[in-house]
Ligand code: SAM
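Here's a solo chain for you in structure tokens, the form predicted on its own.
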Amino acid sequence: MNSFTQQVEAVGFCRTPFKQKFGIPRQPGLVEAKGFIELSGQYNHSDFIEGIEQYSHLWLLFSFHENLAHGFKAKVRPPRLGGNEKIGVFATRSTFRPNGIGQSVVKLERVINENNQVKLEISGMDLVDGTPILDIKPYIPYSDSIKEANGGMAQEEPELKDVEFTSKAETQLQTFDDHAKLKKLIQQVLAQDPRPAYKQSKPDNKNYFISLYDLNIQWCCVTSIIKVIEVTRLLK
């Protein structure tokens, strides 16, 4: 067996609205959430990102840090197959991988360098808040986008559900800054139906909760519609 040992450390950490794994988009670019990559340690220097503004999108290599303690599996149950059929982990984007490494493409909004902190403002991420970033690479359209590629079981975009707000939730939203943007973010996240795959083909009577920024979103699925029940501040 070949062995390979190299010290890998985070070059920065991602700051996102997603405070827990439940509710995070299953792929990048599905939700217009904005966040930041904060470079850390010796990498927190403008030399490392000089010239990066010329690119519209970036590849992020990151660690599935919240899953590392759970190990990996040779076969997993991808949501695309309803969460019932198993296939090989290397044929999926499952988070339970031998080396716990993920890859995601995000949009680069702008570069910020202030108060001795270098940050990249990004959008479209599918990462939990605090995700360690292992590397950053530019997205190159002519080579990274392959028009004739076959996406297998994920060839088509996921079907989205309609999202409605109760009058109580609508009233609560009005009390928050940028409530229109917040409402749009909630709609985009919940339209993906974050419930386990085996539940997505039918309504259930359970109330669910997701955390976005410092907010707690209570919702349920009625027939084929996601209904937001209330939007409140998380208790500290």
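A residue's number is simply how far along the shown sequence it sits, counting from 1. All values reported here derive from a predicted model rather than from experimental measurement.
Absent from the display: the form predicted in complex with the ligand. The rest refers to it.
The contact residue chosen from R77, R93, K119, K107 relative to the ligand in the predicted complex is R93, the criterion being a non-hydrogen atom within 4.5 angstroms. Shown without its partner, this chain lists N67, Q200, Q188, N44 as candidates; in the predicted complex, only N67 has a non-hydrogen atom within 4.5 angstroms of the ligand. Taken together, the three residues I52, P138 and P141 lack any non-hydrogen atom within 4.5 angstroms of the ligand in the predicted complex.
In the predicted complex, V228 stays away from the ligand, with no heavy atom inside 4.5 Å. Among heavy atoms of V128, some come within 4.5 Å of the ligand in the predicted complex.
For the chain shown alone, Q27 is a contact residue for the ligand in the predicted complex, at least one non-hydrogen atom being within 4.5 angstroms.
Contact annotation: Q103 falls within 4.5 Å of the ligand in the predicted complex, judged by heavy atom distances. Stretch 58-66 is the contacting one of 36-44, 171-179, 58-66, 204-212, since its residues have non-hydrogen atoms within 4.5 Å of the ligand in the predicted complex.
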